[in-house]
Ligand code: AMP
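This document starts with one chain, in the form predicted alone, laid out as structure tokens.
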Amino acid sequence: MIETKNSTRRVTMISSISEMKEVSQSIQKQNLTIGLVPTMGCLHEGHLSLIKRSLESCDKTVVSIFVNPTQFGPNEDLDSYPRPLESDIEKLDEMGVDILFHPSKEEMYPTGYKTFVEIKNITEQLCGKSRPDLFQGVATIVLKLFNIIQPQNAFFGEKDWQQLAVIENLVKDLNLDVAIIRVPLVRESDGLAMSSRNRYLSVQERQSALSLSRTLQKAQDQIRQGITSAKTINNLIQKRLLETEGAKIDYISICDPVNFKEKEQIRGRTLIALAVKIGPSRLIDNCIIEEI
């Protein structure tokens, strides 16, 4: 068990799978519940909202920090992904987190590793279309974390709506004994969806990034006024984003929030999801249109 540098800290950092399993088994034997918050670090208020929910509802909270190489594709930001570990540890300690699981790449994917999890159909649209390695990597690492830590509850944010659906299907299809707790998307005070990649943005790029949330709000306003044609709303979103300095659209999707099939008319519960490249950052955002 690896203690953090400051002896006054309460959070315990564990880096080995075998030790994490031993600690989890000890907690289970005490009939205590474990909440897991899986992250890639660079913690922001969105992550902290997940941690808060776990602390409120579980006896012990484990936060994992692991920048998962299998969910990054060629020419993506694996090498440059921010890793401010000491700052993250300070946040976890301030919140009263019990355990930080921080394994190495070699620990999670030792030489000769060859097993991956594939989820069909719902991974072929939205982010899965432009990032084909993403969800196989996500499903694999999440299943590994569930097997190692054995949580009763795991907490995920709705900003990554498609990722959350992938994990819910993983749990259902493989009969895993873990409850997936959805936590609403958290925004900055100006509306920007919180993301670790926001720190890549310059001042001007950050201003441009506000176009995502503002365009989603405008789309919602138009829908409330009676416009239900998905094509019309898509065109409105596209026009506003193309007017944004430095914005490059990856996708605009107006779809079913469960199976991600595109809609022609906005009827019933509908997901509007965006992915836009601004400067070095690929940003995602979404909103849910309830029954209208």
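Here the structure is a predicted model, which means the values were calculated and not measured. The first residue of the shown sequence is 1; numbering continues from there.
Heads up, the form predicted in complex with this ligand isn't pictured, but that's what we're talking about next.
Peer 1: Should residue 241 be classed as touching this ligand in the model of the complex when contacts are defined as heavy atoms within 4.5 Å?
Peer 2: It does not: once this ligand is placed as it appears in the model of the complex, residue 241 has no heavy atom within 4.5 Å of it.
Peer 1: Does at least one non-hydrogen atom of residue 237 fall within 4.5 angstroms of this ligand in the model of the complex?
Peer 2: Residue-level check for residue 237: no, no contact with this ligand.
Peer 1: With the partner left out of view, is residue 211 within 4.5 angstroms of this ligand in the model of the complex by any non-hydrogen atom?
Peer 2: No, no contact at 4.5 Å.
Peer 1: Does this ligand get within 4.5 angstroms of any non-hydrogen atom of residue 261 in the model of the complex?
Peer 2: Because no heavy atom of residue 261 falls inside 4.5 Å of this ligand in the model of the complex, the answer is no.
Peer 1: Only one of these stretches, 211-219, 128-136, 157-165, 93-101, has heavy atoms within 4.5 Å of this ligand in the model of the complex; which one is it?
Peer 2: Result for this chain: 157-165.
Peer 1: Could you tell me which one of 117, 176, 201, 186 places a heavy atom within 4.5 Å of this ligand in the model of the complex?
Peer 2: Selected residue: 186.
Peer 1: Here the chain is shown alone; which of 44, 248, 267, 231 has a heavy atom within 4.5 Å of this ligand in the model of the complex?
Peer 2: None of the other options qualify; the answer is 44.
Peer 1: Of 54-89, which residues get within 4.5 Å of this ligand in the model of the complex if you count heavy atoms?
Peer 2: Heavy-atom contacts within 4.5 Å come from 81 alone.
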